[in-house]
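Given next, in structure tokens, is a single chain: the form predicted on its own.
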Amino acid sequence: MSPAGQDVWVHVEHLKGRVAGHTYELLGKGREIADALAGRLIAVLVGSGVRPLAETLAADGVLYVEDAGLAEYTPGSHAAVMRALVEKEAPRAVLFGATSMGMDLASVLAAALERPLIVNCVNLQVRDGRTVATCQMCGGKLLCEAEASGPVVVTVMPGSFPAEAGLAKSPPPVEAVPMPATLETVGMRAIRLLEPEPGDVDITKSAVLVAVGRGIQRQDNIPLAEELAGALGGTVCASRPVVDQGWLPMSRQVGKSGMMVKPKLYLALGISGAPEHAEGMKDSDLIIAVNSDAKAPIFDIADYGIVIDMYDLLPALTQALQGRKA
């Protein structure tokens, strides 16, 4: 038995019958924290008809709450359930992803229970019995440490920890918990899920990405990157300024407010390397940066880099690649 109040809980985020990848990251790190506190690691799965998802969760146990009113996510309904569970069991720490859903729930939960809330965490440890989190500030430009000696709610940036440790090798024990809260007073309900029209590529599945930033200068120059991507068998993606201009769709945006990608090759063209963008691609197997500014931050995380005007490089590189295929 673990000491009372020393368990670590992980909220299981899911959509359309799939567990969100960052949940496994939280479980892997949660295991370390629970062991350091001599507590248990508990996954909390809330929904309807998603019981099979519990089998993939590497935890000492899974609390499963099922109700038809929980089939689609709404902040009010899911927060009511989480609050009731936490009030009853009083875990030491509750971990959420720093996503739209996770931030919704974490903020409501912390306020309702008057618990400290630590946000945008990129590292987490136990030091002298205290929970210590390293957090991003100012869009990732600064890091700070926050400590909590007692119960705490934490949101963790996706991509901060490896996911492998959070995947179960065998199904964990699952406890079906009776609905702990009433949803009658919840003023919001989900009617239907609106999704973007199909047709664009999924950059998270591409092995080769050619990324363009401010250095592309204008929309008419994007075909140069597309031609290079074609020669490499890859896909064009972009930093936020390019998407904000409407030159590429949101589905192509890489970064904190876009997609998290881990391709085998990430070729960054005219990208400065702001922390918001680096957050989404820093774990790529191989990063090659092309920029005319030798002091661009992208060179700090690149495996290889070249200081050159991309318009001097792109045509020659594309031609060379196409020539090798001929």
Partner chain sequence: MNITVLLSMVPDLVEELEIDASGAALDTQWLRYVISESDDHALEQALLLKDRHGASVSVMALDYGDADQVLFAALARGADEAVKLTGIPEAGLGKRAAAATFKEALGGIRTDLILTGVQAIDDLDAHVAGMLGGMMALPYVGVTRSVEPSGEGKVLVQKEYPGGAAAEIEVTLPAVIGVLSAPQPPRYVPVARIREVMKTRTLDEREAVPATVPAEPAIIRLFKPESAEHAQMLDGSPEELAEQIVKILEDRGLAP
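Basically, rigid core = biggest C-alpha set you can superpose within 1.5 Å across the two forms. Positions refer to the first chain, counted from 1. Computed from a predicted model, the values in this text were never measured in an experiment.
Omitted here: the form predicted together with its partner chain. The next part is about that form.
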>> What I'd like checked is whether Ala38, Ala68 and Ala168 together line its partner chain in the model of the complex, meaning each has a non-hydrogen atom within 4.5 Å of it.
In response: no
> Which one of Ala176, Ala90, Val201, Val186 is close to its partner chain in the model of the complex, taking close to mean a heavy atom within 4.5 Å?
Replying inline: Val186
> Looking at Asp60, Glu32, Glu55, Asp285, which is the one with a non-hydrogen atom within 4.5 Å of its partner chain in the model of the complex?
Replying inline: Asp285
> Applying a 4.5 Å heavy atom distance criterion, does Glu227 contact its partner chain in the model of the complex?
Replying inline: no
> Taking 4.5 angstroms as the cut-off for heavy atoms, does Val81 touch its partner chain in the model of the complex?
Replying inline: no
> So in the model of the complex, does Thr134 come within 4.5 Å of its partner chain, heavy atom to heavy atom?
Replying inline: yes
> For Trp247, is any heavy atom within 4.5 Å of its partner chain in the model of the complex, or not?
Replying inline: no
>> Given a 4.5 Å distance limit between heavy atoms, list every residue of 286-314 close to its partner chain in the model of the complex, or none if there are none.
In response: Leu286, Ile288, Phe299, Asp300, Ala302, Asp303, Tyr304, Gly305, Ile306, Val307, Ile308, Asp312, Leu313
> Rigid core fitted, is the C-alpha displacement of Leu265 between the shown form and the other one 2 Å or more?
Replying inline: yes
> By the 2 angstroms cut-off, has the C-alpha of Arg51 moved between the shown form and the other one once the rigid core is superposed?
Replying inline: no
> Quick one: once the rigid core is lined up, does Leu317 have its C-alpha move by 2 Å or more between the shown form and the other one?
Replying inline: yes
> in the model of the complex, do the Cα atoms of Asp285 and Met157 sit closer or farther apart than here, given a shift of 3 Å or more?
Replying inline: closer
> So the C-alpha spacing of Met103 and Ser284 changes by 3 Å or more in the model of the complex; is that change toward closer or farther than shown?
Replying inline: closer
